[in-house]
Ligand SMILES: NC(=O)c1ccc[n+]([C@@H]2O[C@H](COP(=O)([O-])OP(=O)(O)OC[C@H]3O[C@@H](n4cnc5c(N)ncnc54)[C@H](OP(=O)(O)O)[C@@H]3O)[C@@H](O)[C@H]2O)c1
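The chain that follows stands alone, in the form predicted alone, written as structure tokens.
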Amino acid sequence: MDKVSIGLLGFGTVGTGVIRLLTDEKEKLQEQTGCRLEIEKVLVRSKDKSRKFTLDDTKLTTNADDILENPNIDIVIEVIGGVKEAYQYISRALQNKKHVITANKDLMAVHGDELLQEAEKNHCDLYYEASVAGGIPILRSLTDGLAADRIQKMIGIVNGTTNYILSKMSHEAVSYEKALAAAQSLGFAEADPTSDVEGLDAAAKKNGDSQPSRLLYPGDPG
């Protein structure tokens, strides 16, 4: 395969980072993968919104079908956040035989089992390592490098955004509002920080849909 076409769902903080990486590291990625990674379409809520990264307007769309029903797109990357809409989009992408990458921890906490089963059913890959531990490549390390080991405990910061905010408030006497604004400007917090600051993100990491959490791996149907 000479080219892999990508459809991106979302053009916010994370989406911009994905596009910047695919653009700036284009030659390196081609050398490593042996094929060109091309952005075919990007789903946005508004084409007129001012953005930090400029992309050809012909690649922008407000219609998800332009990605999910597009036979030329091989991989769908979901970075819109939320659960209901993202679940519907990813389910359709898998049903249409498209491989999926997601950074949506809330979605995987609630619907991880279902989506992994859907991926297996349609012989597609569903990768979600970007949603784990702030994008640290830990799942592949556990499944490949530590497959014969028994992991007894893992320790880490449950929510990096609130950790940053609380650290600023306690160490620098910064107000909550200013600390939150700083976190948003740095890309730690989304424009709508509800999931982080109200503890929803931390709860999703502990209990997926109020059920005891467990580690899900790409290809593991549960």
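Note that residue numbering follows the sequence shown and begins at 1. Rigid core here is just the name for the largest C-alpha set that superposes within 1.5 Å across the two forms. This structure is a prediction, so every number in the text was calculated from the model and none was measured.
The same protein also has a form predicted together with this ligand, omitted here; what follows describes it.
- Only one listed stretch (77-85, 91-99, 112-120, 148-156) carries heavy atoms within 4.5 Å of this ligand in the predicted complex, and that stretch is 77-85.
- Scanning Gln32, Ser175, Thr194, Ser46 against this ligand in the predicted complex with a 4.5 Å heavy atom cut-off leaves one residue, Ser46.
- The closest heavy atom approach of Arg51 to this ligand in the predicted complex falls within 4.5 Å.
- Val14 belongs to the set of residues with a heavy atom inside 4.5 Å of this ligand in the predicted complex.
- In the predicted complex, Ala130 approaches this ligand with a heavy atom inside 4.5 Å.
- Within this chain, Ile73 is remote from the site of this ligand in the predicted complex, having no heavy atom within 4.5 Å.
- Along 90-128, these residues reach a heavy atom to within 4.5 Å of this ligand in the predicted complex: Ala103, Asn104, Lys105.
- In a rigid-core overlay of the protein, Ala191 has its C-alpha displaced by at least 2 Å between this form and the one not shown.
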